[in-house]
Structure formats: structure tokens, C-alpha cells
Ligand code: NAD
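Given as C-alpha cells, the chain that follows is alone and in the form predicted alone.
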């Protein structure tokens, strides 16, 4: 019988209050791996109540004691990394190596959050007036929650959760219903932590669960990663209910190739970026803007490198591109490709109608490249979230920067060049939150915030690093005078 996943609330596994479930499918084979609850408001009520009750005693633990759980958390993930990565690949579709890389990124955030005893330190000013001192302290908000996407079921919750609990908050994680087994297993392993009941909770579900998170009075801060339309909804609804919200939206990341760029390195880096995780990541290369003669130099080489990519089940050695997450995603991507062709784009490489032996029911799309794409077309503007590249040629770096800045998205942008002057101009002028120079995936390390601009991010403080610490704490300013015989003279 197919397993029905449970929630983890108040230190215990429990059934959802909602009896409806949905299938969790292996995107490479179509196999049903488990069933996940559709979720309900009542589930969030239980988790929020549990987290709220646990908060006061948890916040009163010294930070040096709270981070001891994080040290152990890191060890558990490292010890079980292969098992977690295999589960991630089976339900997400990415290659085993990509899943291992994702897990490493999650662990990096735990390591940074272990520095909370230092990161929570504040400023002190003595004698702002005679005998009067002023300082501020950081205190936890209460209950936090994250709403996770399907493409990084391990990493993205760890952009937020370790910082939240290290700062003295309690927490609720809502995994994506498409990939719930990975976080489910992580929580099973985390039982070894012996965290106080209610500090860390997990609730499965869909829109009803999300809305309950956004509306519950005990939940003070919400973190979200997903598409721009949903990010807007999350931000608007959460802030309307008085919450702090950081909502990371969609992307359409351009890379600019200058004629002087290193050819072999640039081609490899860009194709790895565009096709890794089957293009289903918010930092994937989506648009290549070749400048001047770079179009003649690079286009055919990128097509040739793309053709060489091996497609198949992510657990098979040597596979570089796995399936997209669902059959619906596959059909949506293929429709966008055809729409682009109908609107006049030139099909340079067609990855549709891919058949993988032994995975005939899988959701596979091969590398696809379109050129001469109308910048006003749906294909150019829409986040495709698949292994599809647009290559357009422009006359100058200024033209490339203008196209970059005209986009409603601003998650990441990169330039490939050997010119320091060109790199500096791009870094200075490009309107995106994460900038790469000869880097295909401009992913910040955990000790830097994951920036995003325009409709790629809604909020003020980003995930990771000191932004996460500020997001999950509130400052209290203290102004104090102590009377003694000396101060009474004044």
C-alpha cells in the first residue's frame, strides 16, 4: 500500500485533519512514490499553537545552547547525505550529483547560523547624556514559517529555518506537495536532535495550508520561494495580516557574452547553468545576449555543447539532464517553445519528443535553443523553467545592459569577458540582485544574502546570512540611567 505522509507537530508524527491526498510521482518513471495530504487550516492551527507554546522557553535558552542543536543538525545531514540525495532525485528529477550539491548548500547555511552568538551582538553607546547609556538588543519575533518550492526541497528551507531557530524563534516548514518525501525524511532524521517539542514543525498541504499560514495570528514571519504571481499574493496577503514577509519570485536571467570572452570556459559554464536541474532553478541562464562578433564565435559552439548533454534518469551515472517535474510542466514548456516559433523565433535546437529507454513515461525535454526571439514575445518575457535557451545578438554592451534592465525580473545577470572595464560597467549598471562575472550561476554563499530585485523579490530583507538574522529578530532600544550620589549632583 502506498504510504500516506504525516505531519510533524509538537515533536510527534500525526495525521492531517484533511483526508484528501495527492500522488507524489517520480518524474523520470511516473511511479507513485507516496501520497501527501492536501492539508487544512486545522493542521496549521495545531502547529502554530504548538510553536507558540514552545517559543517562550526556547527564546530564553542562551544562543550558545540553541546552536548546539545546529551543530548536531549539520552532522546528521552529512552522515545521511547519500540517502537524502537519492530521495530528492527520485521525486524531484535532478541528478544525484545535483541533489548532493543542494544538500551541501543547505549545510552551509547551518554552519553560518551556528555563528548566531556573534551575529546577534549589537551596539552600545555610553554617556549619550551625563550618566545615561543607550544600546539596542535583538530579540526573536515568535513563530516563523516557510513555504517551499519543488525545485530545491532540501536547500531552500535551510535559507531560513536555521537562522530562525538559532535566533530564538520556533518554526513551521511547509514542503512542496510535489516533493514532500525529502523533507519528511529529514524530519525523521532530526528526531535524533531531541529538540524541545514544538520548536520545529512540518505541515503538508496546498493552498488552504498556505492561506492558514498567511493569516494565523501566532505566525509573525513568512518566507516564500516560487513564481512571481504567487510571490505577489504571498506578500500582499501576509503583510495585510501584519506579518514580515520575504517572497522570492520568478526569474529570466540574462548572460552577456563579449567577443573577448574565453570560448571553451564560457560555453561549458553557460550550458551547465542553463541545463542543470533541467533548467528548473531560479538562477539558470535563460537568455544569452551575444555582443557584436560574439554571435558568430559562440552560437554554434553552444548548440554543439548542448547536443552533447546526456538526458535520462538522475540516478543513472553520466546523466546531466533529468526530467522536468510533471507532465503538465513538460506540456507547458513545449507549448511555449511552439508559441515562440509561431511568433517568428528561429529554432536552433529542438529538445522536444525525447525518448529515454526504460523511462518512457518520464517528463523529459532535451536542450532547446531559439534565436532571433522577439523581445516583446511571450517566450522572451515568460519564465520557462525548463532546459530552454534564447540566443539574441546585440550591437553593444550598452544594448545588452538596456535589455537586462528592461526586464521585469531582476534575480541574476552575468557577463562573460576578459575586460575589467566591461565587467565593472556591467556590475555597476545591471539591475539585478545577484551579479556574475564569468559565473553562470550567481548563487551567493551562505554568508551573503540571496539578493533579488524588481519582480524577483518582494520584501526588504533576503534569505541567508545577516539579512536572515535581521528578518527573524526585532530590535529593542534601551536608554538607561542609574542614580547614585554623583549623578544626583546634575
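Residue numbers count along the first chain shown, from 1. Being a predicted model, the structure only gives us computed values, none of them experimental.
Form predicted in complex with the named molecule: not shown, discussed below.
**Q** Residues in which of 383-391, 400-408, 126-134, 358-366 have heavy atoms within 4.5 Å of the named molecule in the predicted complex?
**A** Going by heavy atoms within 4.5 Å, the stretch is 383-391.
**Q** Tell me, which of 323, 153, 249, 144 has a heavy atom within 4.5 angstroms of the named molecule in the predicted complex?
**A** When the named molecule is considered in the predicted complex, the option within 4.5 Å is 249.
**Q** Given that the named molecule is left out here, which of 233, 190, 96, 218 has a heavy atom within 4.5 Å of it in the predicted complex?
**A** Residue within 4.5 Å of the partner: 233.
**Q** Give a yes or no for residue 210: in the predicted complex, does one of its heavy atoms lie within 4.5 Å of a heavy atom belonging to the named molecule?
**A** Answer yes; at least one heavy atom of residue 210 falls within 4.5 Å of the named molecule in the predicted complex.
**Q** Counting only non-hydrogen atoms and a 4.5 angstroms cut-off, does residue 176 reach the named molecule in the predicted complex?
**A** Output for residue 176 is yes: heavy atoms within 4.5 Å of the named molecule.
**Q** Contact between residue 159 and the named molecule in the predicted complex at 4.5 Å, heavy atoms?
**A** Residue-level check for residue 159: yes, a contact with the named molecule.
**Q** Taking heavy atoms and a 4.5 Å cut-off, does residue 314 contact the named molecule in the predicted complex?
**A** Output for residue 314 is no: heavy atoms all beyond 4.5 Å of the named molecule.
**Q** Taking the named molecule as it sits in the predicted complex, which residues of 180-208 have a non-hydrogen atom within 4.5 Å of it? Please list them.
**A** 205, 206, 207, in sequence order.
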